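Take a look at this one chain, the form predicted alone, written out in structure tokens.
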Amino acid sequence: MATAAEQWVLVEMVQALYEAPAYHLILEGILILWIIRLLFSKTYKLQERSDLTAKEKEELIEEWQPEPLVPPITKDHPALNYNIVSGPPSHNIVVNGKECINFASFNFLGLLDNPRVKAAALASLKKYGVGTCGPRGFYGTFDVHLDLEDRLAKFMKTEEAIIYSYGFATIASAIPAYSKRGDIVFVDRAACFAIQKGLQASRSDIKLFKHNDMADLERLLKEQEIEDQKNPRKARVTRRFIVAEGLYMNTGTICPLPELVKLKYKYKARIFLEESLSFGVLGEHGRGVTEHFGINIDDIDLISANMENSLASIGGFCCGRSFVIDHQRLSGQGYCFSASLPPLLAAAAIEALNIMEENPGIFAVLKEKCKRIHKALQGISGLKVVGEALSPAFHLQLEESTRSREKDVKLLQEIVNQCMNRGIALTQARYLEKEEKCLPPPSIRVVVTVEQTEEELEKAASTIKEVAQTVLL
């Protein structure tokens, strides 16, 4: 029976072969021939070997020129000719052996050289030593770290806080801890470099909106809403974030937070707020832009700030709801893999917080001084003031560019140098020009602190005006 069945199958195959169209038979024949060729041909061809003499090899080696490891840099590049500071960069600073009034360091509240802060740091140094030599998860968590996190959470009126040992790494680690490939981040074009690096590490889909332009942001949100309607299954698993700064480092302007919060709820997005400039500056008690606008802090999903400005320490922190913050302890790269904050700097930050809470009037003093110098610098021939009157860090830009960034930088540096010769320490804002997403124009950054007297503010304004007239006219 088996033999008869096999013969019947063979007959059916022959019959099907006769009935098949001609083009079908040709195609099958070509495929069979191609398979046979693949089976019997070599998968690669060996290049014909050409033996070189020793002399020819030496000549080829001498002629070969490797690509440069880095692009050529001139010896007069600013990064290679930095100013050297002797002593603490507090109210008065000694730069290259010359004493000046400091309008360059972000010591907004004057706590860098405060005796109480230094005493707290010294006591911690004697108790714990200099460093930690380990990340938080590997014997790098000290009781003073937990104390600082608790104090920051209570000060900001949030459930929990987490501290990082490096200010730049704070927001750069926080963003990729939540936003992943496939998620969408709406970010201001003027966002600082730390935010840019966090976005790059997240590998998310980035959508830039015009600086502080809520209409442009809503346009992008609407476009995304339309895209989501086309693919609701994908939209359900795609997270949307809005990233902004309280006070923008690159512009000195304040974000329109009330409008951002409205858009957050309208389009179901999350808000990350970077407050390195606004923390310890804005608000009646220095809690930042949320207190300044009277926004409920629970409306903000994550707040980050560094401790290197108002607190005059090192590192940074994030605060928010406990389940949000705890996630960073598991996936915040700067937290998980960097040695933890030296205890002496944590103790210094705690004491700085004590002073801020004991002297809430210090924020009003800083605000008045910011307004005073901002007004005094108006009307400088050839320069324009960029930034809010309440920002302690703002910019002076050329009214008319020379259309050459290099020439603009040299003109502004000449103003900085002449001001320093007259006892006023300023600095240019520096950028990694080839890596900035939206490179800001060259500028001189002016920083205001509570320690500067009215006379010193007037002296700085008049000096800048006189030097600008000399250099630019």
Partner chain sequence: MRPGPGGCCCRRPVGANGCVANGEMRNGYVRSSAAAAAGQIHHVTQNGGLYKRPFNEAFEETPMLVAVLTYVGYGVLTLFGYLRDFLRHWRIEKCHHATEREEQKDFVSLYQDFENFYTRNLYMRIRDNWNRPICSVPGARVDIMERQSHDYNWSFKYTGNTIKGVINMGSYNYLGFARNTGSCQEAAARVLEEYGVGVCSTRQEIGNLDKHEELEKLVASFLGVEAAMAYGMGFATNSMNIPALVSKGCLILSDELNHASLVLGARLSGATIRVFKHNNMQSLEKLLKDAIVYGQPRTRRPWKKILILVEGIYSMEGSIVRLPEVIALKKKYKAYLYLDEAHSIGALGPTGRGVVDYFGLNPEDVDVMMGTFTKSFGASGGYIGGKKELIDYLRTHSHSAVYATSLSPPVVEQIITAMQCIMGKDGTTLGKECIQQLAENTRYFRRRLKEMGFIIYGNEDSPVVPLMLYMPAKIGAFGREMLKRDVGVVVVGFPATPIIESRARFCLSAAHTKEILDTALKEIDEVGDLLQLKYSRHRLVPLLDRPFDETTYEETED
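Residue numbers count along the first chain shown, from 1. The structure displayed is predicted, hence computed values, not measured ones. Take the two forms, find the largest set of C-alpha atoms that superpose within 1.5 Å, and that set is the rigid core.
Quick note: we don't show the form predicted in complex with the partner chain, though the next part is all about it.
Report the residue, out of H374, H292, H91, R270, that has at least one non-hydrogen atom within 4.5 angstroms of the partner chain in the predicted complex.
None of the others qualify; the residue that does is R270.
Identify, from the list A339, V365, I355, L220, the residue with a heavy atom within 4.5 Å of the partner chain in the predicted complex.
Checking each option against the partner chain in the predicted complex, the one that comes within 4.5 Å is A339.
Against the partner chain in the predicted complex, would D216 count as a contact residue? Criterion: heavy atoms within 4.5 Å.
D216: no, not in contact with the partner chain in the predicted complex.
Closest heavy atom of E308 to the partner chain in the predicted complex, within 4.5 Å or not?
Yes - in the predicted complex, heavy atoms of E308 and the partner chain come within 4.5 Å of each other.
Is R239 one of the residues lying within 4.5 Å of the partner chain in the predicted complex, judged by heavy atom distances?
R239: yes, in contact with the partner chain in the predicted complex.
Is it the case that R233, even though its partner is missing from this view, gets within 4.5 Å of the partner chain in the predicted complex, heavy atoms only?
Although the partner chain is absent here, R233 would stay clear of it in the predicted complex, with no heavy atoms inside 4.5 Å.
Which of these stretches, 252-260, 91-99, 377-385, 283-291, has heavy atoms within 4.5 Å of the partner chain in the predicted complex?
Only one stretch passes the 4.5 Å heavy-atom test: 91-99.
Does the trio F155, K210 and A393 actually contact the partner chain in the predicted complex, every residue with a heavy atom within 4.5 Å?
No.
Which residues from 112-137 come close to the partner chain in the predicted complex, meaning a heavy atom within 4.5 Å?
Heavy-atom contacts to the partner chain in the predicted complex: L112, K118, A121, L122, L125, K126, K127, Y128, G129, V130, G131, T132, C133, G134, P135, R136, G137.
After the core is matched up, is the C-alpha of L432 off by 2 Å or more between this form and the one not shown?
L432: C-alpha displaced by less than 2 Å between this form and the one not shown.
Is E406 one of the residues whose C-alpha moves 2 Å or more between this form and the one not shown after the core fit?
After core superposition, the C-alpha of E406 moves less than 2 Å between this form and the one not shown.
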